[in-house]
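Shown below, as structure tokens, is a lone chain in the form predicted on its own; questions about how it binds or moves come after it.
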């Protein structure tokens, strides 16, 4: 994990002092709300429905146990005792006091954390696969490149005020995409060419929100050392030609569509020709130096324990379920990747208490070299667990409600905070998620259904990524009443697609019945080897429409 040097610490201390002064001036009336707005946004501070919301950066989802414990204390001392993990691998506080935010920033800086550029029209937190570095199938560990992008984009003077917010994601797995790179402003897929050289497949112009789009490929292979200069060219073109007169048409996806992907690529190539050999170009020494921050922990040489696990599986059905659904293969023999699901029915998706943060820190120290990862799906990962301690870990997780074996099921849904907190939301999200979870409370039935991604957003900003859910739910306003629109067939994987709207929206009380009817169509039409998305793509939307609106 990246460790700050004296330059990082100095820059962060200066930024905290700067924002403390800005906050004091704003509270004293010396800065207008209009003047304070971009300053607070680029320090992670929103104004929500009932109180400020403060977003803390978790670069590419990595946290140390020390940082978790500090987050727990901050949550307890400055908020109401709980926090929220987001779909961008960050963490949010929903009830901080404006005058105390500089104190929170100062406390975060002590454990090498910040809120820089977690909002505003700038380059936001770079995200990646939560299994990065331990996934046996990845081309290489993407985290060093994420950190290089983070350092390049933080405080970049040319990109501090872009036409609109800007998001970058990196993926290194050829068979799965847990980072959803094709629905980002820039998506980077790490690949090797025919000669075995490392590089990047570059997507541009993806995004959700009011106008959802899948990113277009503008480079099939970008050599590794050219990464930063090419990114610079992409953002420069956007900064120069992106619209600033209409915020709904200001994202890069609108510009790419207007110019066509080929037209945008040409402008990028023209810009790149001027800067490709500039000092920003990566060197092998710089990459190697960054990789030293992401070395392997002190793995032990472990004997195979599959026979022991098989016996425990046979004796404990719930352990078997958990091992099947929440535990994934590790690149190192004798180790496993464990996901703690934060999807207990009745608890808002992604929410975690101060005590739970401390418990996760304890678990990380005891079982995973003191580190955890936050996932795009609002869960938490212990990435380096010994297989011979899996049963012990499961026993420790169970009373903490972290061992619910619903990963990748219908009930492992993505959900934004919605109208319970957000001033932009048209409708509540959390009660809808809970109602659906209560309807589908039989884990064996969920397992039989296979993977179903159900994503819920309270408004068109799509913080719940409803557009790319196999089943997407969008809160809409109908003459002051909360209704919900359904879309089907979305995907954020390598076969990325935007879901199609099923038809007219539904009242909140109808939502569990609507989802059940959709599931019934799937169950009645699937073949033995098909999962939900396969069946939908084979039979199309019409059978679902006929059943739901019958």
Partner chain sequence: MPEVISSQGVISHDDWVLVERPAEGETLTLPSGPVLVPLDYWAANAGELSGRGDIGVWLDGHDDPDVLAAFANDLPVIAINFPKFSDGRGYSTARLLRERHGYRNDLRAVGDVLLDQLQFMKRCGFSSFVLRADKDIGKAASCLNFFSQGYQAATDTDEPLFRRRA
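In this text the structure is predicted, and so the values were computed from the model without any measurement. Residue numbers count along the first chain shown, from 1.
Form predicted together with its partner chain: not shown, discussed below.
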| query | finding |
| --- | --- |
| Segment that reaches its partner chain in the predicted complex - one of 172 to 180, 255 to 263, 155 to 163, 86 to 94, heavy atoms within 4.5 Å | 155 to 163 |
| The single option of 476, 198, 424, 275 touching its partner chain in the predicted complex, heavy atom within 4.5 Å | 275 |
| Contact residue in the predicted complex, chosen from 503, 52, 512, 38 - any heavy atom within 4.5 Å of its partner chain | 38 |
| All of 185, 431 and 441 with a heavy atom within 4.5 Å of its partner chain in the predicted complex | no |
| Proximity of residue 279 to its partner chain in the predicted complex, heavy atoms at 4.5 Å | yes |
| Distance check, residue 5 to its partner chain in the predicted complex, heavy atom within 4.5 Å | yes |
| Contact test in the predicted complex: residue 495 vs its partner chain, heavy atoms, 4.5 Å | no |
| Any non-hydrogen atom of residue 283 within 4.5 angstroms of its partner chain in the predicted complex | yes |
| Residues of stretch 219 to 238 in contact with its partner chain in the predicted complex (4.5 Å, non-hydrogen atom) | 232, 236 |
